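Shown next as structure tokens: one chain only, the form predicted on its own.
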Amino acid sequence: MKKAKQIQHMISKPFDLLSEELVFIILDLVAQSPSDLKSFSLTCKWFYQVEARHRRSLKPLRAEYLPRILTRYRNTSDLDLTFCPRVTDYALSVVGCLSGPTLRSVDLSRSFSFSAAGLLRLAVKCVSLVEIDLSNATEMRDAAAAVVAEAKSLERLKLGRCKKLTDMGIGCIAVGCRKLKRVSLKWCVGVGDLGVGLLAVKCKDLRSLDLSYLPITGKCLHDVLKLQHLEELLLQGCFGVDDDSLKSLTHHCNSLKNLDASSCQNLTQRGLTSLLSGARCLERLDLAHSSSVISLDFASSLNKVSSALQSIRLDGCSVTCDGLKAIGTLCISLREVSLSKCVTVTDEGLSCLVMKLKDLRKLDITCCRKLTGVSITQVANSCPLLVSLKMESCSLVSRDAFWLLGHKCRLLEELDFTDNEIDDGGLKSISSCRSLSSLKLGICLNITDRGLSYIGMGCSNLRELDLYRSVGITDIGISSIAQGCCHLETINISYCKDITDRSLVSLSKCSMLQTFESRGCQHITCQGLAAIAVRCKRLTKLDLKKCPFINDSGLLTLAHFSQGLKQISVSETGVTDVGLVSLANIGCLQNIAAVNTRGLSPSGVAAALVGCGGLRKAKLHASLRLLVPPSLITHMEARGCAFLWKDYNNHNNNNTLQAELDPKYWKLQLEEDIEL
């Protein structure tokens, strides 16, 4: 009888047979989907309790929820408050009291309203805290920095754009936080050589130091480059670092692997030679937008680092053929090369560069407009291990070159062919790249549905597809993609004029879809949008601008089914107050754009703003600025919402849209903008 009761209990409560360790394994598998995780925890009381003990990372939507959330999740180690623009001292006190023993990381980079008092409670209570992100705390002063110094175990600290900090505040942190390994001071314009020097002298374990856009000179680099464990040094936009301040620099920083000296306009070959003199193990070098001419003489400064160098970025630099040839000869270990917007690059220079780079994995030649099929053919023949190729606006490259790329470089994972002459034959060849995950074909006027059918059949791992203004694409091509690329996460079909609801219904089969952009698709309606909303539960970004048949019905469906939506644009659609207010039902919503939407009234917009508690950015028509109550705007800004007021002309909208849909008009405008 007793055994029968036990069997009956096992049948009625089968989950009791599972061990906690096994449930933890199951939770690791379902953690990728918030809705699945929620459903799992609500299965029974035991699952609810186990899920609370298992979770380590939290990203709450509102700061006012913190007491309840942290009371349940007592083992929280990583707390991301980027969805909470208004975090008060009381909220930080709650965090310290409820998660003090376990908390190791907290992100306050999008939050404000806290002071030094709140940070003090956090630093004192959270004795295990090793990482804190205070980026964008533009009102933070030295007193708050002195409080941060109380976090004695701190290893990673981000203070980007804390523009009121001075050397004194950084000095306090340097003295108090001796275990620091990674520090970012980007755009801390009040910090100079003294503060950086103190940091280098006191924090001997520093591995990464971001000094971008600081008013420093080469003086503090004497101490920085003595750090025995330094692996990454970022000096982007440091105009005070020049040849004269580096002329006496001697160092042996053999640990340095990544150096970013991009946009250092006063640094030439002479200063760079001093900077690189002791960095014999350097693997990554960024010199983008520097004043140096990449010539044969420049390449000689790479002599001492050439054997280990794996990545070099020269975007926007003046590059000579001899310079590229010398780099290709000296740095044969290169795996990544970026020459984006280097307008002087020619076929000869690129061909000489890649000829000996057999291990090249990534190449960026965006807007190198002088290149033709000659150099691309050399790339295909010389670099069989290539996984990423970005060549936007290389419009002189012949169609045959694209075919050769697909034939020779079968390991390609990322391709950007925006504004190129690729055709269906090229796409057929590219479809043999089975690992392809990102494909950008914007403004490719020679491709049709036939080409997309090849991609759909051959590239089942595709995650991102950009068809912006590729006007030869119709529902048939999109259907081929949806059928063959079921893991698709991002698609852009903006201004593809022949797209209808059939495409949206097809794409609704891609359950992992997160970003959907259909701006200017005049034939899509709420019926197609409903299919996306109902079946694509992970949708986070939606652009419906200039889709005139999208109205309240579509937004009501989104409000019910798309609870993960963070960003939406309904400018120039048929949406009214009813649809806009319904979006308040989406707790994650952060960005709304609703410009030139004639069905909106000031009272409707005001109601929507009040309802969307987590809103961070609202783009509205300028005429509403005087009609929405000023007190509401002040309240929203205090909550962390930024307003963008746009004054678009309502007249001749139809004519403007028709002109924008014309690919010849668009390409002409694009070329004029680039020339300017």
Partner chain sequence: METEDDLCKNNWGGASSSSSSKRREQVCFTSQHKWEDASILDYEMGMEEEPAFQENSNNNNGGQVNVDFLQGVRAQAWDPRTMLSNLSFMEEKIHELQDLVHLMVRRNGQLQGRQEQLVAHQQQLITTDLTSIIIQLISTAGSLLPSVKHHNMSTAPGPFTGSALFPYPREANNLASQTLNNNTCEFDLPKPIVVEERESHVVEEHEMKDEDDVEEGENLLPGSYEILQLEKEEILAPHTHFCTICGKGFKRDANLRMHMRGHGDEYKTPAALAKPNKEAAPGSEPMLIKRYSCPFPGCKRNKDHKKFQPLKTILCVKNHYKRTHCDKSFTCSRCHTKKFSVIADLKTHEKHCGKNKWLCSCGTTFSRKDKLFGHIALFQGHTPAIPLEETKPSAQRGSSACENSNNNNNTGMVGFNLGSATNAIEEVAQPGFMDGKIRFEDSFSPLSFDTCNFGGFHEFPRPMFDDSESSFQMLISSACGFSPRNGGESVSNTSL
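Fair warning: this is a prediction, and the values are worked out from it, not measured in the lab. Positions refer to the first chain, counted from 1.
The form predicted in complex with the partner chain is left out here; the points below concern that form.
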Practice prompt. Using heavy atoms and a 4.5 Å cut-off, decide whether D577, G599 and A618 all contact the partner chain in the model of the complex.
Written response: no
From M512, L404, V94, L330: within 4.5 Å of the partner chain in the model of the complex by heavy atoms is V94
The listed residue (V505, A116, V374, A593) that reaches within 4.5 Å of the partner chain in the model of the complex by any heavy atom is A116
*Any of the heavy atoms of E637 lying within 4.5 Å of the partner chain in the model of the complex?*
yes
Decide whether K45 counts as a contact residue for the partner chain in the model of the complex under a heavy atom distance cut-off of 4.5 Å. no
Partner contact for G160 in the model of the complex: the partner chain, 4.5 angstroms, heavy atom: no
With a 4.5 Å heavy atom cut-off, would you call V124 a contact of the partner chain in the model of the complex?
-> yes
Note: the partner chain not shown here; in the model of the complex, the stretch from 389 to 397, 319 to 327, 171 to 179, 450 to 458 having heavy atoms within 4.5 Å of it is 171 to 179
In sequence order, the residues of 82 to 106 that place a heavy atom within 4.5 Å of the partner chain in the model of the complex are F83, R86, T88, D89, Y90, S93, V94, C97, L98
